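The chain below stands alone and is given in C-alpha cells; this is the form predicted on its own.
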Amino acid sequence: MTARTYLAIESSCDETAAAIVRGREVLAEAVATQAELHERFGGVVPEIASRRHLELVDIVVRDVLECSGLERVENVDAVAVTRGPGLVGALLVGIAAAKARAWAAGVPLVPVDHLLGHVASALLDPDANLEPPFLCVLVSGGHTLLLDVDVDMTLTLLGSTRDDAAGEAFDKGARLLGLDMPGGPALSALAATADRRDAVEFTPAMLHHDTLDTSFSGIKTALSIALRERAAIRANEPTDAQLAAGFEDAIVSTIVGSVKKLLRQRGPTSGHASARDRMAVVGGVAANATLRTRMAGICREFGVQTVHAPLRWCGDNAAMIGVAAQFCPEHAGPDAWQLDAYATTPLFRQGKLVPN
C-alpha cells in the first residue's frame, strides 16, 4: 500500500514549522524560530509568538510545497496540524492555517497531539527501524515524561515531573548564569569547558523514592544559592563552568535515575507481555550529548536498545507531526472545521493518549 503524503504544520510554541512527509520520508521541511524575538524577555511571550506565527505560517507552507515539488495542497492526501498541548494563541494560528488549506483543497484534516509527535520523531531514525511497542523518555522544554508506547502508538503515562521540566530547568539555570537563549545548548557548551572532576555536586531529588516521577526545581534553587554564596564572599571559584557542569550532571542524573528505576521494575526484556526491549529518547533535551551517552549506558546495562531521535528532529518541528499523523484519524467536513486547540493534553487527565 502506498504511504500517504501529509502537509504538516506545527506552531505550538515559538517555532513556525511545516513539512511534507510521506510515510517516514521527509520530502521537505522548514522551521522558522523566534528565539531572537523572545531573548530580551528571558522566555517566550505568548502574544509575540502568536503574531509572529501569523507572519510566518504562509511562508513556511509555501516553501515546503515548492521544495517538495508538489506545489499545491491538492497534491497531498491530508493536512496534519498540532492541536495541543501548547500556547493556545500560537496553536490557533496553525490550526486556522491547516483548516483553510484542507477546506480549499478538499482534503482531510488530521489533528495531532504535540507529545505524540515527539514520540514519533524516533521513527525518523532510518538506521533504528523502530516500530511500536517500545518505552520512551520524552524530555523537552515543557515536559519530562516516561511513557509506554503500545503497538498502535497509544501512550501510557508512567512518570512525570512534579515541578519544572528538564528543558525548563536548563533554561532557568542558563539565565542564572547570564547565558543567552536558547539556554540548554548554551549551558551545555559552558559545562563542556570544565573538568568534570571539578564540577560542583548538586544532589538530584527523587532518586531514593519508589515513584518514577522527577523533580528539578531543587537543583535550580541549589544553583541559585551557590551563585549567591560565591558573590557574598567575592570568590572566583567555583567557576561558572564548574557550576554549569554540576548543574547539567544533576539534571541528567535525575532523568537517568528515573529510567533506571523503570527498567529495574520491568525486569527481563523477554518472557512477559509487558516487556519492551527498546527505549526511545525524544524531545529537545534529547539533543544533550551527556544525556545521550548516559542513556545508552544505562540501557545497555539492562539489555535494552536505545533509539535517539535524530538531532535535527529533537526540537519542535513539523516532520514529527507528519509521521505521527499516520496513526491518527482523519476528519472531513463539519467534523474537521469544528476542531479546536487545547492547552494541555488528555494524557495528563486520563493517563493515556489514544491517537485513534
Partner chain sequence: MPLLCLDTATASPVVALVDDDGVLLAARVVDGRAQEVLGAIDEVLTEASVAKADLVAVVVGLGPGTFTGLRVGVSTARGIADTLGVPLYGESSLVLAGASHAEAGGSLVRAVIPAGRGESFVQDMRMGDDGVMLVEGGSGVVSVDAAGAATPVTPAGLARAGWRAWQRGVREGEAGDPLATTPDYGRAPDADPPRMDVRHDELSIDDLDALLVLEARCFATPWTREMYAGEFARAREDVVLLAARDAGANRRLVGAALAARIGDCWHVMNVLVDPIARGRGIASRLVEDLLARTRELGAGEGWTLEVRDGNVAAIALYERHGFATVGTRPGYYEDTGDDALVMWLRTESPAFAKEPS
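Positions refer to the first chain, counted from 1. From a predicted model like this one, the values you see are computed outputs, not experimental measurements.
One more form of this protein, predicted together with its partner chain, exists but is not displayed; see below.
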Using a 4.5 Å heavy atom cut-off, indicate which stretch of 283-291, 50-58, 309-317, 26-34 touches its partner chain in the predicted bound form. 50-58
Does the trio A186, A189 and K220 actually contact its partner chain in the predicted bound form, every residue with a heavy atom within 4.5 Å? no
Could you tell me if L157 has a non-hydrogen atom within 4.5 Å of its partner chain in the predicted bound form? no
So, L179 and its partner chain: in the predicted bound form, are they within 4.5 Å at any heavy atom pair? no
Does T344 reach its partner chain in the predicted bound form if we count a contact as any heavy atom within 4.5 Å? no
Residue contact check: E74 to its partner chain in the predicted bound form, 4.5 Å heavy atom: yes
In the predicted bound form, the one of A105, L263, L227, L130 near its partner chain [non-hydrogen atom within 4.5 angstroms]: A105
In the predicted bound form, the residue from A174, L146, A245, A97 that sits within 4.5 Å of its partner chain by heavy atoms: A97
Heavy atom contacts to its partner chain in the predicted bound form at 4.5 Å, residues of 293-316 in sequence order: none
